[in-house]
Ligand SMILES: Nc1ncnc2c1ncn2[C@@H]1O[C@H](COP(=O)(O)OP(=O)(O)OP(=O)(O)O)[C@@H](O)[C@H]1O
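Taking the form predicted on its own, here's one chain by itself in structure tokens.
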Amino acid sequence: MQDKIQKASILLDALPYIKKFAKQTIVIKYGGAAQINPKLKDEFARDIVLLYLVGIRIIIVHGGGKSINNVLDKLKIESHFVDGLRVTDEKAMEVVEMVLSGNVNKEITTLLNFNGAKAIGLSGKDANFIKAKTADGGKYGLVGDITQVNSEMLLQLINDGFIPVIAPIASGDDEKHPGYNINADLAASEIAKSVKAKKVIFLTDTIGVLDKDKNLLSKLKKDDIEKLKIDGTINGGMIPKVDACLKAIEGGVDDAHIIDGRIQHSIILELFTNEGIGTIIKK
């Protein structure tokens, strides 16, 4: 009986947060181990469906770097990275689009639908709803910087009860352009800004932003982040993640979260508990 009472207590503790976030839009960048580990994939789908059923409006933006690497290796197409970004020529772009818009996107959509949601898979080429230009003068090939997001289309899908699941591929300037490969973190940030999301959540393979002693920094603001970047505390692959968070915050999103997708039910723990589990970056 005590176990049942405890379960009821947990649900009641979550109730204020469920009420707070109901009818709010939350963008989730889905990647890392949570996107590869079969058990974590199933739990992610159930967690998203729970959020959906209690009235939270969800948009998912996903990566797929490891899946892309696997296919490129099989096809003997060499991968090059500069500044942490995949240099994408036309051959690589064909594979990126095939894997992200095809395999990965449809797997996520299928999981959500079979768990009780109404998910629809998209890439930025659908209805040209994400447009981009060449990033950094072509230094990274067909990697793009987003110039426009058609938020009206996304909001219409959400209003019709769908969860958009978005592959970060953008349209080029004309019908013959192969499209642009977009960093999924930056895509999530731009999409969150465009739909005026309440929150954007980045699932990663780290517990959050850490101090020099490897302790979690649970709350940060812009000034804190700039200092931590200058002294080297924030470095490497964490820099583009916090930059994506700051872009979202500066664009009107209330909060950005960096959380550990390797933890079971990490999104639920971050949203529906007092302590949370990761780093929250606030205005």
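Rigid core here is just the name for the largest C-alpha set that superposes within 1.5 Å across the two forms. It should be emphasised that the depicted structure is a prediction, and the values quoted were computed from it without experimental measurement. Numbers for residues come from their place in the sequence shown, where the first is 1.
The same protein has a further form, the form predicted in complex with the ligand, not shown here; the description that follows concerns it.
If you check Ile201, Val209, Val104, Ala117 against the ligand in the model of the complex, which one has a heavy atom within 4.5 Å? The residue from Ile201, Val209, Val104, Ala117 that makes the contact is Val209.
Between Val54, Ala45, Ala33, Leu246, only one gets a heavy atom within 4.5 angstroms of the ligand in the model of the complex; which residue is that? When the ligand is considered in the model of the complex, the option within 4.5 Å is Ala33.
When the ligand is placed as it is in the model of the complex, which of 193-201, 209-217, 119-127, 158-166 ends up with heavy atoms within 4.5 Å of it? Among the listed stretches, the partner-contacting one is 209-217.
Please tell me whether any heavy atom belonging to Asp185 falls inside 4.5 Å of a heavy atom of the ligand, as the geometry stands in the model of the complex. Close contact exists here: in the model of the complex, Asp185 approaches the ligand to within 4.5 Å, heavy atoms only.
The ligand contact at Gly251 in the model of the complex, heavy atom, 4.5 Å: Close contact is absent here: in the model of the complex, Gly251 is far from the ligand, nothing within 4.5 Å, heavy atoms only.
At 4.5 Å between heavy atoms, is Met238 in contact with the ligand in the model of the complex? Yes, Met238 lies within 4.5 Å of the ligand in the model of the complex.
Is there a heavy atom of Asp173 lying 4.5 Å or less from a heavy atom of the ligand in the model of the complex? No, no contact at 4.5 Å.
Align on the rigid core first; then say whether the Cα of Pro240 has moved by at least 2 Å between the shown form and the other one. Passes the 2 Å threshold, so yes.
Answer yes if the CA of Asp224 moves 2 Å or more between the shown form and the other one after aligning the rigid core, and no otherwise. The answer is yes; the displacement is at least 2 Å.
For Ile58, decide whether the Cα shift between the shown form and the other one is 2 Å or greater, given a superposition on the rigid core. No, its C-alpha moves less than 2 Å.
Outcome for the Cα pair Ala167, Gly32 in the model of the complex, compared with this form (closer or farther; change of 3 Å or more): Relative to this form, closer in the model of the complex.
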